[in-house]
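Just the one chain here, the form predicted alone, laid out as structure tokens.
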Amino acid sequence: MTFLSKAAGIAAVSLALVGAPALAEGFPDRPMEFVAGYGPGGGHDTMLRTMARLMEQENIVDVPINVVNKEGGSSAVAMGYLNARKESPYYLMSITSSHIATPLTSNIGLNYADFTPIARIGIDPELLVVNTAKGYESLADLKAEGRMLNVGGTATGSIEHIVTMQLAEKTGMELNFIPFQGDGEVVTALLSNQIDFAITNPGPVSDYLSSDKFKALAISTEERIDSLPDVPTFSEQGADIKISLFRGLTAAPGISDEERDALIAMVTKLFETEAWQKEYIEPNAVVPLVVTGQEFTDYLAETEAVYRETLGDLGMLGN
């Protein structure tokens, strides 16, 4: 997956929003729930709480929005929770790679196609991050340790796990991937040196990078990015790893096309605001490549095919 420049990403948002359906009259007319499949303080939680706050602030909705954390099972608990809300358009769940990977690696009886895809918000890269106190300056320094290294990330079969496995394959490093329930737990583990390094996206660690508590040694983009110009790519350091995380929203199964379109209109109206760009997209280094509805459904199908092949090669398919 190619990581585009910030300018290209903003242009993509503008194109995606052209012709977006008008906000349905009177929707929503009762409180909504935004469902995070991971714990407080992580990427899912941060995104949804920012959305809820800005939707109220920008007068996009005039009903309460409650953010609920349904952590467990690498988003399986949240998927089950949303599935139980069939035919109701008043629930939105944040999704990333685990929405694809968890059904492939575990027999949970659900997959992405059981839900109603609403929008991909954008993509962001994966970083290899260390605790600055350890003194590592490059990928070569980690390799020189000559021992098994413990790696933190979210969820077995997640994009962080896939990057870790690719790193082991391409460098010969012995890596032990430790799955956590959310980005917040990964950050805590790295701060306390429970792990040697983390694979994560920029959002959860941006403050720690700015304060020099953490240092990013590699990024999974084809080229360096403007927001992190001093971070070399994996490829620059001899490991050809180019894969990025998607961030999106899905709704409950069985809602009508009209209800789906109303939800698309609601979120795309938010994506048009300057506040969304300034308070979520930019601080979290997300490239806002928005796709909605059927286009997002097609994207998820293509992504599922890639994950199925990769996880199959790793012997991780659960079905």
Partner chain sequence: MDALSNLMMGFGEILTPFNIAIIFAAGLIGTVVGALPGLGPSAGIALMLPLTFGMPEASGLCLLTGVYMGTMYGGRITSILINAPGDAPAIITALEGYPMMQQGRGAMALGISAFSSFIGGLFGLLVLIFAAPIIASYAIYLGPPEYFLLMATGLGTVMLLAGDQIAKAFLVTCLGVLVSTFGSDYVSGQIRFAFVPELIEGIDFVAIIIGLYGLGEVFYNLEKRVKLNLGKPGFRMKEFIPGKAELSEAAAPTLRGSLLGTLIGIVPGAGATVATFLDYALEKRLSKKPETFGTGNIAGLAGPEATNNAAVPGSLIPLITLGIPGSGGTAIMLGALIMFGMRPGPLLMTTSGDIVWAMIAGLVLANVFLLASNVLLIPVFVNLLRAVQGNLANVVIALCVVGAFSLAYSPFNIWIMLIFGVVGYLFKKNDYPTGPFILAVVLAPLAENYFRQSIMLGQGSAGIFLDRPISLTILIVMALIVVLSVVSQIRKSRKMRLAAAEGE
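Residue numbers count along the first chain shown, from 1. Treat the numbers as computed from the prediction; the structure is a model and nothing was measured.
One more form of this protein should be noted, the form predicted in complex with its partner chain, which is absent from this view; the next part is about it.
Enquirer: Tell me, out of S227, S138, T132, S211, which residue has a non-hydrogen atom within 4.5 angstroms of its partner chain in the model of the complex.
Expert: Selected option: S211.
Enquirer: Taking 4.5 Å between heavy atoms as the contact cutoff, choose which of K170, K242, K143, R85 touches its partner chain in the model of the complex.
Expert: Exactly one listed residue reaches within 4.5 Å, namely R85.
Enquirer: Picking from 288-296, 51-59, 247-255, 260-268, which part of the chain touches its partner chain in the model of the complex when contact means heavy atoms within 4.5 Å?
Expert: This holds for exactly one stretch, 51-59.
Enquirer: Tell me, yes or no, whether T156 is in contact with its partner chain in the model of the complex, where a contact means a heavy atom of each within 4.5 Å.
Expert: It does: once its partner chain is placed as it appears in the model of the complex, T156 has a heavy atom within 4.5 Å of it.
Enquirer: Find out whether any non-hydrogen atom of Q166 is located within 4.5 angstroms of its partner chain in the model of the complex, and reply yes or no.
Expert: Q166: no contact with its partner chain in the model of the complex.
Enquirer: Is there a heavy atom of F115 lying 4.5 Å or less from a heavy atom of its partner chain in the model of the complex?
Expert: Contact with its partner chain, no.
Enquirer: Might L217 be said to contact its partner chain in the model of the complex, defining contact as any heavy atom within 4.5 Å?
Expert: Answer no; every heavy atom of L217 is more than 4.5 Å from its partner chain in the model of the complex.
Enquirer: Is its partner chain close enough to A119, E236 and I281 in the model of the complex that each of the three has a heavy atom within 4.5 Å of it?
Expert: Per the other structure, none of A119, E236 and I281 touch its partner chain.
Enquirer: Can you tell me which bits of 168-191 touch its partner chain in the model of the complex, meaning any heavy atom within 4.5 Å?
Expert: Sequence-ordered list: N176, F177, I178, P179, F180, Q181, G184, E185, T188, L191.
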